[in-house]
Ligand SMILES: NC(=O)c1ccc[n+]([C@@H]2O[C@H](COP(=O)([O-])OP(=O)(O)OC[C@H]3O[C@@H](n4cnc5c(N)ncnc54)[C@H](O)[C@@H]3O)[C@@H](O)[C@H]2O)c1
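Next up is one chain by itself, shown in structure tokens, the form predicted on its own.
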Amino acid sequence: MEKLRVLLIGAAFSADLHSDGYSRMLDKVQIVGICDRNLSRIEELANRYGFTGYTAYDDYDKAIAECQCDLVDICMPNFLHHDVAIKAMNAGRDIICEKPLATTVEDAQDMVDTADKLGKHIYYAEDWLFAPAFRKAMEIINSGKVGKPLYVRARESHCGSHSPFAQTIKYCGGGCMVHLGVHPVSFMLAMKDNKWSELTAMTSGGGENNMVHQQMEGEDWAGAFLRFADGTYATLEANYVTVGGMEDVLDIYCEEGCVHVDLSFSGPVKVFSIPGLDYTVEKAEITTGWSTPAVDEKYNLGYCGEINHFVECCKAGVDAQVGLRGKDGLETLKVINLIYKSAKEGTHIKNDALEA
């Protein structure tokens, strides 16, 4: 079986998440190139996941021009997504792009338009849609055994981004809503086929108005209320004021039941350590005392499933499922920007584009 040839652009945090997925399917893929300004980081990533036979690049223009690949996986800071994507698609490649699709709606629209014009696929990396626990929740919902969903509450939160680019809006597109809230927003839009009808939002405002992170231009707390075309309501939240590790929580209240998922902290292993463990869960500040270490964290957060899905779709030359296409990433960014508009202006926004 011919392997799909993948070029990784970036070798840091996001690339590590994606590489774990590739490492589990080396019978289907070949990492033919890895690009990062820091060549030692490339070597560390490749050694960690057993990648061999690749070419290392320190310039993404050179990598895109020279690397013979089928798929370009963009694991770069948000503000570079657009530039890398446009160049990769113009070079004839399909792409995977991490969230958010871009820092502005205009750039995201240009990416989607370019893909349409060139006949290329954008695979939008929304890991929540492949988290096994969330997929189980949706399986239960779709079975009809808890009745029609009436209200959904979803949030992602932790103590703050590790990335220096996340401190400045021009480099990242916003604050916690565009970094963390992007997951619940994408999940709900996928659940409801992008058919939202109205929204109202608040944020901490950014800078000196933030609760904790006054040095950050973007907000460190954001919440949005949405209503969808079928009458379902949702509360979507993101914040950088949560200590103790990352929280990914989904609650679905239905006519004849409810479903609760705690993605980050539910696990079968409990440990007490006086000196502290090397690692427990993402963003945990301390590991001493009692803790619940994550078991196969990247798999359970959905990264492995999404990468496998993208590889299979790229090999078949087809779009990804709803929620994981370029146009879904664009719609997510549009909604997040309207959340910011609602919060800034104190307005209630209706979706005039929704078909009657």
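As the structure is a prediction and not an experimental result, all values here were calculated from the model. Just count from 1 along the sequence shown to find any residue number.
This protein has a second form, the form predicted in complex with the ligand, left out of what is shown; the following refers to that one.
- Within this chain, Y303 lines the site of the ligand in the predicted bound form, having a heavy atom no more than 4.5 Å away.
- Remark: D220 does not count among the residues lining the ligand in the predicted bound form, judged by a heavy atom distance of 4.5 Å or less.
- In the predicted bound form, the ligand sits within 4.5 Å of a heavy atom belonging to S163.
- Not displayed here, the ligand is approached by Y60 to within 4.5 Å at the level of heavy atoms in the predicted bound form.
- Checking 71-79, 221-229, 205-213, 256-264 against the ligand in the predicted bound form, the stretch whose residues place heavy atoms within 4.5 Å of it is 71-79.
- With respect to the ligand in the predicted bound form, the three residues H121, S143 and A320 uniformly fall beyond 4.5 angstroms at the level of their nearest heavy atom.
- Just one of R48, K315, K28, R41 comes within 4.5 Å of the ligand in the predicted bound form, counting any heavy atom, and that one is R41.
- Checking R155, K87, K192, K99 against the ligand in the predicted bound form, a heavy atom within 4.5 Å turns up for just one residue: K99.
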